[in-house]
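One chain is shown next in structure tokens, namely the form predicted on its own.
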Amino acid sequence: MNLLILGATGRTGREVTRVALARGHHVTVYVRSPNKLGPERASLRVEQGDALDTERLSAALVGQDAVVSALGLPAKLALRPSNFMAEAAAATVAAMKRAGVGRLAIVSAAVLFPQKGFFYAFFRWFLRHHACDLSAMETVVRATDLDWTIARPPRLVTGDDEPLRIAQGALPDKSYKLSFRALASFLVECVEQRRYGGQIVGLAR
């Protein structure tokens, strides 16, 4: 399949790129800084542009079958008020509609689930600004008629692929961390198999 990846220079996006290439997909990455791509760059179609530039993004999307958005914010910026995630989602949705691409898998975060206990209460407070932006992002995506899937992983860590526990509309019990690689595998499989359409999905190791 022809797959366009947003956020390919981030830790999740790098893993999504590697998984998609390993599965034989034709991968386009839409990035602001191509120089940050890894050695897999030689196997990619690279389109340079800003995530908020709808016109440029829609041109890159022509001929694509699906989009995986692994966009995020650096940790220090996630602690400040921001509208970036919501604005990027609005640009992505508009560009997809213009280009006639209907399938989207996008990364959010488990802090949006109403989990009880100190662990999630602390992170909902600590990441409150980012959570507000992610909630707005989800609202944008859910309002569309795209075939979308929103993945809400817990804290992401470096590690190998691992078995996943998946729940629709909830977070599996005792979900505290997940590897970037496992999240990437889920996202690629999700668009490959057209699973979890119109669903918010909780993930755990």
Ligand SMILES: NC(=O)c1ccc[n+]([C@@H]2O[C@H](COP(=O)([O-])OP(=O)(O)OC[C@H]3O[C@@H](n4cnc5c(N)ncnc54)[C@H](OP(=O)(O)O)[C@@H]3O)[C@@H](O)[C@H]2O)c1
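Start at 1 with the first residue shown and count on from there. Keep in mind that this is a model prediction, so the values were computed, not measured.
Unshown form predicted together with the named molecule; subsequent notes refer to it.
The stretch from 56-64, 28-36, 164-172, 141-149 that comes within 4.5 Å of the named molecule in the predicted bound form, counting heavy atoms only, is 28-36.
In the predicted bound form, Arg155 approaches the named molecule with a heavy atom inside 4.5 Å. When contacts are judged by a 4.5 Å heavy atom cut-off, Gly7 counts as touching the named molecule in the predicted bound form. For Phe84, a non-hydrogen atom is located within 4.5 Å of the named molecule in the predicted bound form, even though that partner is not displayed. Although the partner is absent here, Arg11 lies within 4.5 Å of the named molecule in the predicted bound form, judged by heavy atoms. Judged against the named molecule in the predicted bound form with a 4.5 angstroms heavy atom cut-off, the residues Arg18, Leu44 and Leu104 are out of contact without exception. If you take 171-186 and check each residue for a heavy atom within 4.5 Å of the named molecule in the predicted bound form, you get just Phe180.
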